[in-house]
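To begin, one chain is listed below as structure tokens, in the form predicted on its own.
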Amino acid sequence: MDLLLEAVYRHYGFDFRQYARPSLRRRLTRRLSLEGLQTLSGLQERLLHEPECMERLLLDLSINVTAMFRDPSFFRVFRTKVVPLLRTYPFIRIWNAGCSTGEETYSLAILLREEGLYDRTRIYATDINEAVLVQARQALFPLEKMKEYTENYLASGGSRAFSEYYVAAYEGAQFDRSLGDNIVFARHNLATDRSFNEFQVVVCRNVMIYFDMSLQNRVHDLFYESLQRLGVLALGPKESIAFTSHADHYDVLDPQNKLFRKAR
């Protein structure tokens, strides 16, 4: 496994060497089976000679479990505790790291539009995987998911009919194109890339649970560097700033929904 991950890093630049090993093992085993191979050495050879195989593996290794207004309590608290802070800025920059296919990004856009802040906001939505970014830019989601997403939206404090934001099209739900006007989708690798701007909010939920402690620390350094003073960091329910070098540098805005404000 170490040799395969090193080969992927050297040949393609994707660094999975510090991802949590149990998760990596499961995903590599799945890819072995789907490729009809018996050994990791065989998979490594195919990866190095067939970029299409690397694209398939990248989809396996990227964490793409997402939903619109996932964990509604987070968005409800974001409305009550973060939005009032954002109102104090003339222009707002938000980094949605690990955005996957864009459901969380568009949820933030809808929330900010309802709060009257979207016109002065730029959301930078990044992911390691270009394939999911292509999907995200389309703003086209499965129609059968709309019932679940509507329930999440209402539970999050949504104030309109959720159906106003999309139309049934192309066997899916096509969301209002104007929601993407202030979103920049771009590739960014949390394991290797640097900060690229200063933000009032960094949202990275349910991503670092797949990293080992060393990579988690690197990403926390990156987010701390990227947040302006008094900026807000949003993590997933199973993630924390505890035991990081920046644990004392944040005030807790909401412990249950893992919202932290950079204090110094």
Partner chain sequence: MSAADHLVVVGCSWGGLDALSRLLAHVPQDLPAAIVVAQHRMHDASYLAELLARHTDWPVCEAEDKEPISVGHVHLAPPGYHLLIDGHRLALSTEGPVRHSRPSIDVLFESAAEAFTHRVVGVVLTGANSDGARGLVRIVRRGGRAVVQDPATAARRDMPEAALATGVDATVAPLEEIGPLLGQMITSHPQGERSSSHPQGERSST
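For clarity, every value in this text was computed on a predicted model and none was experimentally measured. Residue numbers count along the first chain shown, from 1. The term rigid core refers to the most C-alpha atoms you can superpose between the two forms while keeping them within 1.5 Å.
Although not depicted, the form predicted together with its partner chain is the subject of the following passage.
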Open item on the list: On the criterion of a non-hydrogen atom at 4.5 angstroms or closer, are 52, 56 and 129 all touching its partner chain in the predicted complex?
Closed with: no
Task: Contact segment among 218-226, 22-30, 194-202, 44-52, judged by heavy atoms lying within 4.5 Å of its partner chain in the predicted complex - done: 22-30
Task: Proximity of residue 7 to its partner chain in the predicted complex, heavy atoms at 4.5 Å - done: no
- [ ] Spell out, yes or no, whether the shortest heavy atom distance between residue 68 and its partner chain in the predicted complex is within 4.5 Å.
- [x] no
Open item on the list: in the predicted complex, does residue 214 come within 4.5 Å of its partner chain, counting heavy atoms only?
Closed with: yes
Open item on the list: in the predicted complex, does residue 209 come within 4.5 Å of its partner chain, counting heavy atoms only?
Closed with: yes
Open item on the list: For the stretch 1-17, I need every residue with any heavy atom inside 4.5 Å of its partner chain in the predicted complex, listed N to C.
Closed with: 1, 2, 17
Open item on the list: Using a rigid core superposition, assess whether residue 40 undergoes a CA shift of 2 Å or more between this form and the one not shown.
Closed with: yes
